[in-house]
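In the structure tokens that follow, the same protein chain appears in two forms, which are kept apart as structure 1 and structure 2.
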Structure 1
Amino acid sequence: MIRFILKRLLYMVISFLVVSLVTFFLMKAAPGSFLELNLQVGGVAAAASSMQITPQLMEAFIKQYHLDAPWYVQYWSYVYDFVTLHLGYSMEYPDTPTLQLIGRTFPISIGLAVVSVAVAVFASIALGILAARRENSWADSSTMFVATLGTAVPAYVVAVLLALVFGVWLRVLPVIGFQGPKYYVLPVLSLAIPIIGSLSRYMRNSLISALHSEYVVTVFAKGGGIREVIRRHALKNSLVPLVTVVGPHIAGLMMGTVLIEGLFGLPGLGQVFAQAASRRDYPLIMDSTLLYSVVIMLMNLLVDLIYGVLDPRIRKTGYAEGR
């Protein structure tokens, strides 16, 4: 197990280096990139005015990113500053340190993602049981039909349709802003519904195959009812593979928040990133890209570790199936 964790951590470091290198060189290749500024002609003031920022901020950037040094020094300082959490400032928010900005906005995004996953998992288990108990019945096929619709449509289309129905026509839920738990309902639902679609289908199929297995027949033969079979035997065996199916959704979910927060006006990191991208705030883009990839890698690692604990077979190959 320890070897498995060490191996995965090593892969994570490699992935981190690749992600940071690619991000760094893309930023350097961007037209008018701040990493390629000519500081000789006109000095700091000219560089600052070409970036449309104050000379003080420009000075801070030069120190932060070593703009007067060769690329490997720049790259190293980028990675080192990220790892040691010296993120400096960004162009759009010159008065707020980036670390503070992330500290303020990231919990909102992460909270949104975690609540959505939790809602999705519980709803999927419930729907899966509902459908699997009456295999091929009307309840089963209609639940699964709705689930298929859910898998097909991305979160942002669900979001606008929910906003239209519950916010505009029924006027029961707020569609924009962030002033309380009520404002979380529609974003969470729109992120959760596509995941519920695919997870509940998975749950149904694995429960049905468990219900057809011989150990379940044995339980029935010994006088157990359907409730006991599902609760004490079949459900446990179906939940283990569900962990791996949740894994890839978490990465997608983190990306989903980038679009959903903008639609609902939630002040999370996703919205900050989307704005930074459309306004070409390169320092902020660089840091948040790394942050997101680290979070996604950690979550994938966590999922694989949980699965490794639950299912010893996976420790040999190092990867969970279904990824």
Structure 2
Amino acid sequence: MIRFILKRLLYMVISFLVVSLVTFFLMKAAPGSFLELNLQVGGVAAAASSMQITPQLMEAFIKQYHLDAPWYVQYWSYVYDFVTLHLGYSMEYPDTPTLQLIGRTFPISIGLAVVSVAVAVFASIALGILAARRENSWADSSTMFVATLGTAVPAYVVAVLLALVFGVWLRVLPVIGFQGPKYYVLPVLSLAIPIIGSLSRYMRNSLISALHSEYVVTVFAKGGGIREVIRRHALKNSLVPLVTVVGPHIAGLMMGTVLIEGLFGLPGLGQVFAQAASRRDYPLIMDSTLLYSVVIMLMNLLVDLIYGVLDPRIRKTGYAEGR
């Protein structure tokens, strides 16, 4: 198990370097930056005037952001500051550290993602058990039909439909803003419903396979009931394939919060990231992107650890077939 964890940590370090390099070069490939766009128009004086600061302070900003330095110096400064938690200042808000902007908005985004994953996993397990217990019945067919429909509809379409039904027609839930837990309901459902459709099918197929396995048939032959068999024998083994696919869904969900936050007007990190990208705010783009990547990798590591708990082969060998 220790070897398994060390291997995953090594993969995380390599992935972090790749993500940081790709983000940096894509960011630099866009024409100009927040400061350079103003400098190209009228020089230091015009840029300073647009930001309401003195030309001397503008020169200091250029040196602080290393805009006059080679690319590798700029790249290393972003990565080093992020790793050491000495994040710089936003170009759009020169008096506000990026760490403060992220700290104010990130809890909303991560809370939205975590709650959505929790809702999706619990609902998927319940629907998968319901369908597997009544294999090939109308309950099985109808449950899987709804699950397939939920998978086919994108999250932003689900968000619009939920906002129209519960926010406009019924007026039972708020649609725009963030002033309490009830403002989370529609965004969470918008993100969770497509994932529920996918995960519930995995759960149903995995549980059916477990119920037809030899050791479960033996339990049935000894007089075990369906509820006891599922709860004590089949459910744990059925969760292994489900946990395996949760990791990629978490990654997609983290990036999906950007669009959902915009639709529901949530003041999360997605809004900050979108504004930073449109205004070429280099420090904020790098810091928010690297933070997203680290969180996604940590969640995938957590999924791998849960996988190891469910599958004894991981604990013994640090490797499982198909991983």
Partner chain sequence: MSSPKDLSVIASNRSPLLRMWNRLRGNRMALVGGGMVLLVVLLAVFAGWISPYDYQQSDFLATYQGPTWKHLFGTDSLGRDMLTRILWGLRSACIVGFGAEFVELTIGVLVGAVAGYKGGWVDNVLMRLVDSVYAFPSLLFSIVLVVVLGHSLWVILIAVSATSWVGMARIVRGQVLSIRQSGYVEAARSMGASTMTIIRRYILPNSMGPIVVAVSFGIPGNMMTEAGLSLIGLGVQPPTPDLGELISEGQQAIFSYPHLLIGPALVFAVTLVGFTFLGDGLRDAFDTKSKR
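Each form is matched to the other, and the largest set of C-alpha atoms that superpose within 1.5 Å is called the rigid core. Each residue is numbered by where it sits in the sequence of structure 1, with counting from 1. No experiment lies behind these values; they were computed from the predicted model shown.
- Of the two forms shown, the one predicted together with its partner chain is structure 1, not structure 2.
- Remark: with the core as the superposition reference, the CA shift of residue 263 between the two structures stays below 2 Å.
- Relative to the superposed core, residue 72 has its Cα moved 2.3 Å between the two structures.
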